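Only one chain is shown below, in C-alpha coordinates, and it's the form predicted alone.
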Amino acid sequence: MLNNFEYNFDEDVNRVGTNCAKYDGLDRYFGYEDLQPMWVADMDFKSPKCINDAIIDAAKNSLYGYSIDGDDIYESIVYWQKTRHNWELDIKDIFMANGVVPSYSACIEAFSEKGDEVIVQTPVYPPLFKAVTANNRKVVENRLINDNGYYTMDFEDLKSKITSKTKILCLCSPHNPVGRVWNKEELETLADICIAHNIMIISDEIHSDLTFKKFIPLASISEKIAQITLTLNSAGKTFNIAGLNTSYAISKNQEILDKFKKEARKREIHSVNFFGYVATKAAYNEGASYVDDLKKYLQKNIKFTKEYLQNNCPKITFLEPEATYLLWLNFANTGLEHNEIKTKLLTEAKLALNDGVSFGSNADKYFRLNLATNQNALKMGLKKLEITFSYK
(Lines give C-alpha, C1' and ligand atoms only; values in the text may rest on other atoms or scores of the structure.)
Protein backbone atom coordinates (compact mmCIF):
# COMPACT_ATOMS: atom_id res chain seq x y z
CA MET A 1 0.00 0.00 0.00
CA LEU A 2 0.97 3.64 -0.24
CA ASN A 3 2.95 5.40 2.49
CA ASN A 4 4.22 2.01 3.76
CA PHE A 5 0.89 1.49 5.53
CA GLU A 6 -1.12 -1.72 5.49
CA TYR A 7 -4.20 0.40 4.80
CA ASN A 8 -4.55 2.84 1.90
CA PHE A 9 -5.59 6.11 3.47
CA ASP A 10 -4.68 7.94 0.24
CA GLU A 11 -7.59 6.36 -1.61
CA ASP A 12 -10.09 8.86 -3.02
CA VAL A 13 -13.51 7.63 -1.85
CA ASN A 14 -16.61 9.19 -3.43
CA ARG A 15 -19.20 9.71 -0.71
CA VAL A 16 -21.57 11.98 -2.66
CA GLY A 17 -24.99 10.49 -3.24
CA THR A 18 -24.75 8.01 -0.36
CA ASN A 19 -26.96 9.98 2.06
CA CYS A 20 -23.77 11.02 3.80
CA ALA A 21 -24.38 13.93 6.17
CA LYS A 22 -20.88 15.29 5.63
CA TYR A 23 -21.32 15.64 1.85
CA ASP A 24 -25.01 15.34 1.01
CA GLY A 25 -26.06 17.53 3.94
CA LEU A 26 -24.09 20.64 2.93
CA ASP A 27 -27.09 22.63 1.72
CA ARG A 28 -29.12 21.61 4.77
CA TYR A 29 -26.47 22.60 7.30
CA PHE A 30 -24.61 25.43 5.53
CA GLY A 31 -26.97 26.76 2.86
CA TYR A 32 -24.54 25.94 0.04
CA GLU A 33 -23.99 22.77 -1.97
CA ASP A 34 -20.65 23.63 -3.61
CA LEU A 35 -18.46 23.40 -0.50
CA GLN A 36 -15.54 21.14 0.32
CA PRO A 37 -16.67 19.40 3.52
CA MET A 38 -14.09 19.47 6.31
CA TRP A 39 -16.50 19.65 9.20
CA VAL A 40 -18.47 16.87 10.93
CA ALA A 41 -16.32 14.34 12.82
CA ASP A 42 -16.27 11.34 10.58
CA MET A 43 -13.43 10.26 8.32
CA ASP A 44 -13.08 9.91 4.55
CA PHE A 45 -11.25 6.62 5.09
CA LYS A 46 -12.77 3.22 4.54
CA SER A 47 -13.25 1.09 7.63
CA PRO A 48 -10.82 -1.84 7.90
CA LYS A 49 -11.44 -5.02 5.96
CA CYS A 50 -12.11 -7.01 9.13
CA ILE A 51 -15.24 -4.94 9.73
CA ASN A 52 -16.49 -5.12 6.16
CA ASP A 53 -15.90 -8.88 6.03
CA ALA A 54 -17.79 -9.36 9.29
CA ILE A 55 -20.75 -7.31 8.03
CA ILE A 56 -20.88 -9.16 4.70
CA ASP A 57 -20.73 -12.50 6.48
CA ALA A 58 -23.53 -11.43 8.82
CA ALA A 59 -25.65 -10.43 5.82
CA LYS A 60 -25.49 -13.85 4.14
CA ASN A 61 -28.70 -15.01 5.81
CA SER A 62 -30.53 -11.98 4.37
CA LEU A 63 -32.29 -11.58 7.70
CA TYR A 64 -32.03 -8.40 9.72
CA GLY A 65 -34.41 -8.86 12.61
CA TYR A 66 -34.10 -7.74 16.19
CA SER A 67 -30.78 -8.55 17.82
CA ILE A 68 -29.74 -9.11 21.41
CA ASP A 69 -26.41 -8.62 23.09
CA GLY A 70 -24.29 -11.56 24.14
CA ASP A 71 -21.10 -12.00 26.08
CA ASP A 72 -19.01 -11.80 22.91
CA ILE A 73 -19.60 -8.05 22.40
CA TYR A 74 -18.79 -7.32 26.05
CA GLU A 75 -15.70 -9.51 25.91
CA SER A 76 -14.43 -7.56 22.89
CA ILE A 77 -14.81 -4.28 24.81
CA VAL A 78 -13.05 -5.73 27.86
CA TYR A 79 -10.23 -6.96 25.60
CA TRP A 80 -9.85 -3.61 23.82
CA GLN A 81 -9.81 -1.47 26.94
CA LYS A 82 -7.27 -3.77 28.56
CA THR A 83 -4.90 -4.03 25.59
CA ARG A 84 -5.14 -0.38 24.46
CA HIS A 85 -5.56 1.48 27.75
CA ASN A 86 -4.61 -0.99 30.48
CA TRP A 87 -8.08 -0.67 31.99
CA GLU A 88 -9.36 -3.78 33.76
CA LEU A 89 -13.10 -4.23 33.23
CA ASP A 90 -15.65 -6.90 33.86
CA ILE A 91 -18.62 -7.68 31.62
CA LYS A 92 -20.99 -6.52 34.38
CA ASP A 93 -19.43 -3.02 34.23
CA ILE A 94 -20.71 -2.42 30.67
CA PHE A 95 -24.09 -1.64 29.12
CA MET A 96 -24.77 -1.28 25.39
CA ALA A 97 -26.66 1.71 23.96
CA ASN A 98 -27.31 3.16 20.53
CA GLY A 99 -25.19 6.30 20.63
CA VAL A 100 -23.04 8.45 22.89
CA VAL A 101 -25.21 11.55 22.43
CA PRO A 102 -28.49 9.76 23.29
CA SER A 103 -26.66 8.25 26.26
CA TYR A 104 -25.56 11.72 27.39
CA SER A 105 -29.14 12.88 27.34
CA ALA A 106 -30.21 9.84 29.34
CA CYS A 107 -27.49 10.56 31.90
CA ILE A 108 -28.70 14.12 32.43
CA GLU A 109 -32.16 12.88 33.35
CA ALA A 110 -30.95 9.86 35.32
CA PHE A 111 -28.57 11.73 37.62
CA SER A 112 -30.18 15.15 38.12
CA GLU A 113 -33.55 16.84 38.52
CA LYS A 114 -35.21 19.62 36.55
CA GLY A 115 -33.57 22.93 37.37
CA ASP A 116 -30.29 21.35 38.49
CA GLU A 117 -26.95 22.54 37.13
CA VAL A 118 -24.61 20.65 34.81
CA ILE A 119 -21.05 21.87 34.28
CA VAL A 120 -19.44 21.74 30.84
CA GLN A 121 -15.86 22.78 30.11
CA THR A 122 -15.94 25.10 27.13
CA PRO A 123 -15.21 25.26 24.27
CA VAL A 124 -16.75 21.81 23.94
CA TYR A 125 -18.70 19.47 21.68
CA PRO A 126 -22.03 21.29 21.01
CA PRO A 127 -24.49 18.41 21.69
CA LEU A 128 -23.53 18.59 25.36
CA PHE A 129 -25.40 21.90 25.63
CA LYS A 130 -28.53 20.50 24.00
CA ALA A 131 -28.49 17.38 26.16
CA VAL A 132 -28.64 19.60 29.22
CA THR A 133 -31.17 22.20 28.10
CA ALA A 134 -33.50 19.70 26.40
CA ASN A 135 -33.86 18.01 29.77
CA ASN A 136 -34.66 21.31 31.51
CA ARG A 137 -31.37 21.60 33.36
CA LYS A 138 -29.06 24.60 33.50
CA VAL A 139 -25.73 24.71 31.64
CA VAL A 140 -22.85 26.14 33.68
CA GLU A 141 -19.72 26.96 31.68
CA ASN A 142 -16.35 26.25 33.28
CA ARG A 143 -14.17 27.87 30.65
CA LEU A 144 -10.85 26.23 29.87
CA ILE A 145 -7.76 28.43 30.17
CA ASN A 146 -6.34 29.23 26.74
CA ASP A 147 -2.58 29.87 26.95
CA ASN A 148 -1.56 30.63 23.36
CA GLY A 149 -3.60 27.70 22.09
CA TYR A 150 -2.76 25.25 24.87
CA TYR A 151 -5.81 24.63 27.01
CA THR A 152 -5.87 23.66 30.68
CA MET A 153 -8.62 23.28 33.24
CA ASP A 154 -9.50 26.26 35.41
CA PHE A 155 -10.00 24.59 38.77
CA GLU A 156 -10.51 27.80 40.71
CA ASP A 157 -13.27 28.88 38.35
CA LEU A 158 -14.78 25.41 38.62
CA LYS A 159 -14.94 25.59 42.41
CA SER A 160 -16.48 29.07 42.25
CA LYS A 161 -19.27 27.83 39.96
CA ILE A 162 -20.41 24.94 42.16
CA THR A 163 -23.66 25.39 44.09
CA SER A 164 -26.01 23.10 45.95
CA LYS A 165 -27.80 22.51 42.63
CA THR A 166 -24.68 21.32 40.77
CA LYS A 167 -25.11 17.59 40.17
CA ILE A 168 -23.07 16.61 37.10
CA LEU A 169 -19.81 17.53 35.39
CA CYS A 170 -19.48 16.55 31.74
CA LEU A 171 -15.88 15.68 30.92
CA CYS A 172 -14.68 15.45 27.33
CA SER A 173 -11.58 13.23 27.41
CA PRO A 174 -9.72 13.56 25.11
CA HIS A 175 -11.15 16.99 24.58
CA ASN A 176 -13.10 17.93 21.47
CA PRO A 177 -12.34 20.41 19.93
CA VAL A 178 -9.08 21.54 21.59
CA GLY A 179 -7.33 18.18 21.29
CA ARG A 180 -6.02 17.90 24.85
CA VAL A 181 -5.22 14.54 26.44
CA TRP A 182 -5.70 15.28 30.12
CA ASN A 183 -2.85 14.02 32.29
CA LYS A 184 -3.25 12.05 35.52
CA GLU A 185 -2.69 15.06 37.77
CA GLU A 186 -5.36 17.10 35.97
CA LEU A 187 -7.86 14.25 36.13
CA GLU A 188 -7.19 13.58 39.82
CA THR A 189 -7.59 17.25 40.74
CA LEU A 190 -10.86 17.43 38.80
CA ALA A 191 -12.17 14.26 40.41
CA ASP A 192 -11.18 15.37 43.92
CA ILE A 193 -13.24 18.55 43.50
CA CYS A 194 -16.24 16.54 42.30
CA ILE A 195 -15.90 14.01 45.12
CA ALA A 196 -15.74 16.81 47.71
CA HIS A 197 -18.96 18.34 46.36
CA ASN A 198 -20.83 15.10 45.59
CA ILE A 199 -20.81 15.75 41.84
CA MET A 200 -21.02 12.90 39.36
CA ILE A 201 -18.74 12.86 36.30
CA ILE A 202 -19.93 11.73 32.89
CA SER A 203 -16.77 11.10 30.89
CA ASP A 204 -17.04 11.13 27.09
CA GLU A 205 -14.04 9.08 25.92
CA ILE A 206 -15.11 8.44 22.33
CA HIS A 207 -11.81 9.80 20.93
CA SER A 208 -9.66 7.87 23.41
CA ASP A 209 -8.16 5.55 20.77
CA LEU A 210 -7.03 8.44 18.55
CA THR A 211 -4.42 9.86 20.89
CA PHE A 212 -0.78 10.71 20.24
CA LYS A 213 0.32 10.48 23.87
CA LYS A 214 -0.69 8.26 26.77
CA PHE A 215 -4.42 8.30 27.44
CA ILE A 216 -5.75 7.48 30.90
CA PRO A 217 -9.42 6.50 31.29
CA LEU A 218 -10.69 8.62 34.16
CA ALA A 219 -12.31 5.75 36.04
CA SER A 220 -9.16 3.62 35.80
CA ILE A 221 -7.17 5.92 38.10
CA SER A 222 -8.62 4.84 41.43
CA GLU A 223 -11.58 3.11 43.02
CA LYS A 224 -12.87 6.33 44.57
CA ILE A 225 -12.90 8.05 41.16
CA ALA A 226 -14.54 5.04 39.56
CA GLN A 227 -17.34 5.28 42.10
CA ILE A 228 -18.47 8.74 40.84
CA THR A 229 -17.90 8.12 37.11
CA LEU A 230 -19.95 6.88 34.17
CA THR A 231 -17.87 6.55 30.99
CA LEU A 232 -19.40 6.77 27.52
CA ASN A 233 -17.54 5.30 24.55
CA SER A 234 -17.91 3.75 21.11
CA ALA A 235 -15.87 2.30 18.27
CA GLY A 236 -17.62 4.81 16.01
CA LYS A 237 -14.95 7.50 15.70
CA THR A 238 -11.97 5.15 15.75
CA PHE A 239 -13.17 2.87 12.96
CA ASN A 240 -15.45 5.27 11.05
CA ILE A 241 -18.64 3.37 11.88
CA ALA A 242 -20.53 6.17 13.66
CA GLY A 243 -23.51 5.65 11.36
CA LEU A 244 -24.09 2.23 12.90
CA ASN A 245 -25.21 3.93 16.14
CA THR A 246 -23.59 1.56 18.61
CA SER A 247 -22.02 2.70 21.88
CA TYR A 248 -21.61 1.59 25.46
CA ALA A 249 -21.58 2.92 29.01
CA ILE A 250 -19.14 1.78 31.69
CA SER A 251 -19.26 2.15 35.46
CA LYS A 252 -17.71 0.24 38.34
CA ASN A 253 -20.48 1.65 40.52
CA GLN A 254 -23.38 -0.74 40.02
CA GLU A 255 -25.90 1.75 41.41
CA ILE A 256 -24.84 4.34 38.83
CA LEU A 257 -24.93 1.80 36.01
CA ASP A 258 -28.35 0.55 37.07
CA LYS A 259 -29.75 4.10 37.06
CA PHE A 260 -28.39 4.59 33.56
CA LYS A 261 -29.84 1.27 32.41
CA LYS A 262 -33.27 2.25 33.75
CA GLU A 263 -33.25 5.56 31.89
CA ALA A 264 -31.84 4.00 28.70
CA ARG A 265 -34.62 1.43 28.68
CA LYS A 266 -37.24 4.11 29.35
CA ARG A 267 -35.96 6.02 26.31
CA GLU A 268 -35.62 2.83 24.21
CA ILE A 269 -31.95 3.52 23.44
CA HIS A 270 -30.68 0.12 24.57
CA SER A 271 -31.39 -1.86 21.38
CA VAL A 272 -28.13 -2.62 19.60
CA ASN A 273 -28.00 -2.10 15.83
CA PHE A 274 -27.56 -5.50 14.14
CA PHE A 275 -24.57 -4.43 12.05
CA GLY A 276 -23.22 -2.17 14.79
CA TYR A 277 -22.95 -5.20 17.05
CA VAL A 278 -21.04 -7.13 14.37
CA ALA A 279 -18.80 -4.20 13.43
CA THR A 280 -17.86 -3.28 17.00
CA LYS A 281 -16.89 -6.83 17.85
CA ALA A 282 -14.75 -7.17 14.70
CA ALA A 283 -13.15 -3.76 15.28
CA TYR A 284 -12.09 -4.48 18.83
CA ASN A 285 -10.96 -8.05 18.21
CA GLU A 286 -9.13 -7.51 14.91
CA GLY A 287 -8.66 -3.79 14.25
CA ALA A 288 -5.56 -2.84 16.25
CA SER A 289 -3.20 -2.56 13.25
CA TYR A 290 -5.69 -0.28 11.48
CA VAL A 291 -5.68 2.12 14.42
CA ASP A 292 -1.89 2.12 14.61
CA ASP A 293 -1.59 3.03 10.92
CA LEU A 294 -4.44 5.54 11.11
CA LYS A 295 -2.76 7.48 13.91
CA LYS A 296 0.48 7.68 11.93
CA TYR A 297 -1.38 9.00 8.89
CA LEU A 298 -3.27 11.56 10.97
CA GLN A 299 -0.01 12.77 12.51
CA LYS A 300 1.39 13.13 9.02
CA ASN A 301 -1.62 15.24 8.03
CA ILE A 302 -1.29 17.37 11.17
CA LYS A 303 2.40 18.04 10.51
CA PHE A 304 1.72 18.87 6.86
CA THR A 305 -1.08 21.28 7.81
CA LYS A 306 1.07 23.00 10.40
CA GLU A 307 3.92 23.57 7.95
CA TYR A 308 1.60 24.61 5.14
CA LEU A 309 -0.18 27.27 7.17
CA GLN A 310 3.05 28.59 8.67
CA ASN A 311 4.57 28.96 5.20
CA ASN A 312 1.55 30.08 3.21
CA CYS A 313 -1.15 31.41 5.52
CA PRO A 314 0.46 32.36 8.86
CA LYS A 315 -2.55 34.39 10.00
CA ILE A 316 -4.38 31.11 10.69
CA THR A 317 -2.82 29.25 13.60
CA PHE A 318 -3.39 26.16 15.72
CA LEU A 319 -1.57 24.18 18.36
CA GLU A 320 -0.88 20.60 17.34
CA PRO A 321 -3.51 18.41 19.01
CA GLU A 322 -2.58 15.62 21.39
CA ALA A 323 -5.55 13.62 20.10
CA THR A 324 -8.26 13.44 17.41
CA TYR A 325 -8.25 14.41 13.74
CA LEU A 326 -9.80 17.80 14.52
CA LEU A 327 -7.90 21.09 14.37
CA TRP A 328 -9.02 24.10 16.39
CA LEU A 329 -8.11 26.89 13.98
CA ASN A 330 -7.61 30.40 15.31
CA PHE A 331 -8.43 33.18 12.81
CA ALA A 332 -7.87 36.08 15.22
CA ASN A 333 -4.79 37.34 13.37
CA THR A 334 -6.78 37.88 10.18
CA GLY A 335 -8.19 41.06 11.74
CA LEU A 336 -11.70 40.03 10.74
CA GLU A 337 -14.80 39.69 12.89
CA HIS A 338 -16.19 36.21 13.45
CA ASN A 339 -19.11 36.54 11.04
CA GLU A 340 -16.81 37.99 8.37
CA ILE A 341 -14.56 34.93 8.68
CA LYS A 342 -17.57 32.63 8.47
CA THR A 343 -18.86 34.38 5.35
CA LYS A 344 -15.48 34.25 3.62
CA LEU A 345 -15.12 30.55 4.40
CA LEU A 346 -18.49 29.80 2.83
CA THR A 347 -18.58 32.20 -0.11
CA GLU A 348 -14.92 32.63 -1.08
CA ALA A 349 -12.97 29.63 0.20
CA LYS A 350 -15.98 27.37 -0.36
CA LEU A 351 -15.11 25.37 2.74
CA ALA A 352 -17.46 23.85 5.29
CA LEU A 353 -15.86 24.03 8.76
CA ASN A 354 -17.56 23.83 12.15
CA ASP A 355 -18.36 27.27 13.56
CA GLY A 356 -16.45 27.77 16.80
CA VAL A 357 -19.23 29.81 18.41
CA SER A 358 -21.35 26.65 18.64
CA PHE A 359 -18.73 25.19 21.02
CA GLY A 360 -19.21 27.85 23.68
CA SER A 361 -19.02 31.53 24.52
CA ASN A 362 -15.21 31.53 24.48
CA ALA A 363 -14.72 30.41 20.87
CA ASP A 364 -15.00 33.65 18.90
CA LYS A 365 -12.87 33.59 15.71
CA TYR A 366 -12.28 29.84 15.99
CA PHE A 367 -13.37 27.21 13.50
CA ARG A 368 -12.89 23.43 13.65
CA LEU A 369 -11.32 21.64 10.69
CA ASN A 370 -11.49 17.88 10.13
CA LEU A 371 -8.30 16.60 8.45
CA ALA A 372 -9.25 12.91 8.36
CA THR A 373 -9.12 12.83 4.60
CA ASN A 374 -6.57 11.88 1.98
CA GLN A 375 -3.66 14.25 1.47
CA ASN A 376 -4.80 15.44 -1.96
CA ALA A 377 -8.11 16.61 -0.50
CA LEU A 378 -6.31 18.14 2.47
CA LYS A 379 -3.97 20.09 0.18
CA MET A 380 -6.97 21.33 -1.79
CA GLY A 381 -8.67 22.61 1.34
CA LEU A 382 -5.52 24.29 2.64
CA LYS A 383 -4.96 25.97 -0.72
CA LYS A 384 -8.45 27.46 -0.46
CA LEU A 385 -7.61 28.85 2.97
CA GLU A 386 -4.39 30.30 1.60
CA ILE A 387 -6.08 32.03 -1.33
CA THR A 388 -8.82 33.48 0.88
CA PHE A 389 -6.84 34.53 3.98
CA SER A 390 -3.23 35.19 2.94
CA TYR A 391 -3.90 38.75 1.78
CA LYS A 392 -1.52 41.50 2.88
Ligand SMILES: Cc1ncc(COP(=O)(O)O)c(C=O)c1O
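All of these numbers come straight from a predicted model, not from anything done at the bench. A residue's number is simply how far along the shown sequence it sits, counting from 1.
Heads up, the form predicted in complex with the ligand isn't pictured, but that's what we're talking about next.
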Region of this chain that lies against the ligand in the model of the complex, out of 100-108, 156-164, 180-188, 221-229 [heavy atom, 4.5 Å]: 100-108
Distance check, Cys172 to the ligand in the model of the complex, heavy atom within 4.5 Å: yes
Residue contact check: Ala349 to the ligand in the model of the complex, 4.5 Å heavy atom: no
4.5 Å heavy atom contact, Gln121 and the ligand in the model of the complex: no
Contact test in the model of the complex: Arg137 vs the ligand, heavy atoms, 4.5 Å: no
One residue of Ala363, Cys50, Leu26, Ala41 in contact with the ligand, assessed in the model of the complex (non-hydrogen atom, 4.5 angstroms): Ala41
In the model of the complex, the one of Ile250, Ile206, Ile202, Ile316 near the ligand [non-hydrogen atom within 4.5 angstroms]: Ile206
